[in-house]
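First, one chain by itself: the form predicted on its own, in structure tokens.
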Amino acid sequence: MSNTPATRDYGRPFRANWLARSGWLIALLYTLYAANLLDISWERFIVGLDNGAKFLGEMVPPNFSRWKLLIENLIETIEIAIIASAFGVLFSLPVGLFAARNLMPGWITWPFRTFIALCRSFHPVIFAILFVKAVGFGPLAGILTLIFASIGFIGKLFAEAVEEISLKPVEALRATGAPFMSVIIYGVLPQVLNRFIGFSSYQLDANLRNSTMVGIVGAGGIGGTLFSAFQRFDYDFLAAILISIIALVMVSEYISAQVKKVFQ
């Protein structure tokens, strides 16, 4: 028989990766072990479904009778998110620039990268607890919390976006003797402006959601009212609060989409 391509023995086209299979098996076994250790069982899940159904039943119909309180808290939440986003974006711009390794020497980038890492190290609720302890209950603690959260997110992404730019315009401006700010304004920002606007609009959405969460620990906004409704078992008013938060986030998403269209 001729040794044609149709009759050659090429062996198994896809060889078994026993190392990967062993890894998946170990992960599965550890998951089962951890579930047993944490007392996670199918019986508890079934009971939880029944309790969840009763809880949802008590939320219907939503109670909007205290709409004035609802509106006041929503306005405060919006104010916290907008102020925190504005200052967070303002501070993130120089932090991201100084953290970019293709523009700055290492002795400058590492302190700013460390600061960004610190801002990203803790959940906003942890920052909220710290600031509530420092400045007391109210919107100021929420604003400071979300400013740090914004710097951690936008600063990191902006630094990475700057590191991906083409350096040809930057080198051309430097060759003409342009000052540092002119290099940034005319050589760097035009290449990352659209991405920076996208980061900022997303962070505004995130701050609207996070402002409801940090309010649970006393950092202002509608979160405090939400937590109080939980404590009073006032589930119909709780449903009204949740519906209002969902509507607020959807409106914010629509506005963000329109802003992106303008700058595209």
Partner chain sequence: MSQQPVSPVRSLRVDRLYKEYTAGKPILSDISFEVSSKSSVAIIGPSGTGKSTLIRCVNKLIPPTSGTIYVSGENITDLHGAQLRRARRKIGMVFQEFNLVERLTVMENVLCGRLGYVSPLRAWLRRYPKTDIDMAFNLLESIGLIDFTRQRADSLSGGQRQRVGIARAIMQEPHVLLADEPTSSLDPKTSVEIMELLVSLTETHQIPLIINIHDVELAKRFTTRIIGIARGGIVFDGPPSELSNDHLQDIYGGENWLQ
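Positions refer to the first chain, counted from 1. If you're wondering where the values come from, they're calculated on a predicted model, not measured in any experiment.
Not on display, but discussed next: the form predicted in complex with the partner chain.
Note on contacts: among Gly136, Pro169, Pro111, Pro94, the single residue with a heavy atom within 4.5 Å of the partner chain in the predicted complex is Pro169.
Contact check for Asn194: a non-hydrogen atom falls within 4.5 Å of the partner chain in the predicted complex. Residue contact with the partner chain in the predicted complex: Ile185 places a heavy atom within 4.5 Å of it. In the predicted complex, at least one heavy atom of Ala178 sits within 4.5 Å of a heavy atom of the partner chain.
Though the partner is left out of this view, Arg120 does not reach within 4.5 Å of the partner chain in the predicted complex, counting heavy atoms only. Heavy atoms within 4.5 Å of the partner chain in the predicted complex belong, among the stretches 161-169, 143-151, 71-79, 95-103, to residues of 161-169.
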